Ligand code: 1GP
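Next up is one chain by itself, shown in structure tokens, the form predicted on its own.
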Amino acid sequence: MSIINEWLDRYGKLHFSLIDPDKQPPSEAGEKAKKCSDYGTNAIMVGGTTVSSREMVYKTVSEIKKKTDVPVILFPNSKEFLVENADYIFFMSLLNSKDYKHKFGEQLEGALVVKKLGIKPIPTGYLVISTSPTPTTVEMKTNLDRIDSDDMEKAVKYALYTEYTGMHCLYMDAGSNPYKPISDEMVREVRKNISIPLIIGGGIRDGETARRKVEAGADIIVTGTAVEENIGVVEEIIGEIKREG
């Protein structure tokens, strides 16, 4: 059984808090993580599309682990930012990228690093859904096979590919601070077609939105922008997730 399934069996529906090491000093990241932990988050993700310093990642993880007991999961954009003090890593393929680097290249080069550092990998299919009229950061960083918010068939195809190739979970993301989150309809359609855990992130800024995603079939909700800009709402989001789960 995968670690994600173990956590779901133990805790029910889950919430992960995403902290970008470039957005604040490590000490502040530690304080944010502590608040999220106090609110009931199940894991702290560390990473982002534009992370620029391995040292900053290491220091951020270190401060988070000083202040919390929840697992720390790397959410890397490159093998250059892998650090040995994290507990897990989303070993991800950006499924709808047309660039070799983001689909397979970084993962191939990073595999030996993950092995050497002893970080536990979580094999993950990562899917970016385009919900905004202007590109989000991740959309500008790679050449995507665009999946619009109403393209249910394409989303389901990628979701089935994720499950059939043996990945442990599917992470569907609307990107950093998108215009709107992935639709409830798309979450529902993907959930109907796969049995692996489904992670939904991007644009979830209040408890009601989080509740709707869980009702539609999300197993895990990721909150990033709210942690950076309005951390108090994270308590509301987690409360709604746990109530539904």
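On a predicted model such as this, the values are computed, not experimentally measured, just so you know. Counting begins at 1, following the sequence as shown.
Another form exists, predicted in complex with this ligand; not displayed. Remarks below refer to it.
- Remark: N193 does not count among the residues lining this ligand in the predicted bound form, judged by a heavy atom distance of 4.5 Å or less.
- Taking the partner from elsewhere, P26 is found to have every heavy atom lying beyond 4.5 Å of this ligand in the predicted bound form.
- In the predicted bound form, at least one heavy atom of G203 sits within 4.5 Å of a heavy atom of this ligand.
- Remark: S52 does not count among the residues lining this ligand in the predicted bound form, judged by a heavy atom distance of 4.5 Å or less.
- Heavy atoms within 4.5 Å of this ligand in the predicted bound form belong, among the stretches 31-39, 209-217, 177-185, 63-71, to residues of 177-185.
- In the predicted bound form, just one residue of 1-34 lies within 4.5 Å of this ligand by at least one heavy atom: L18.
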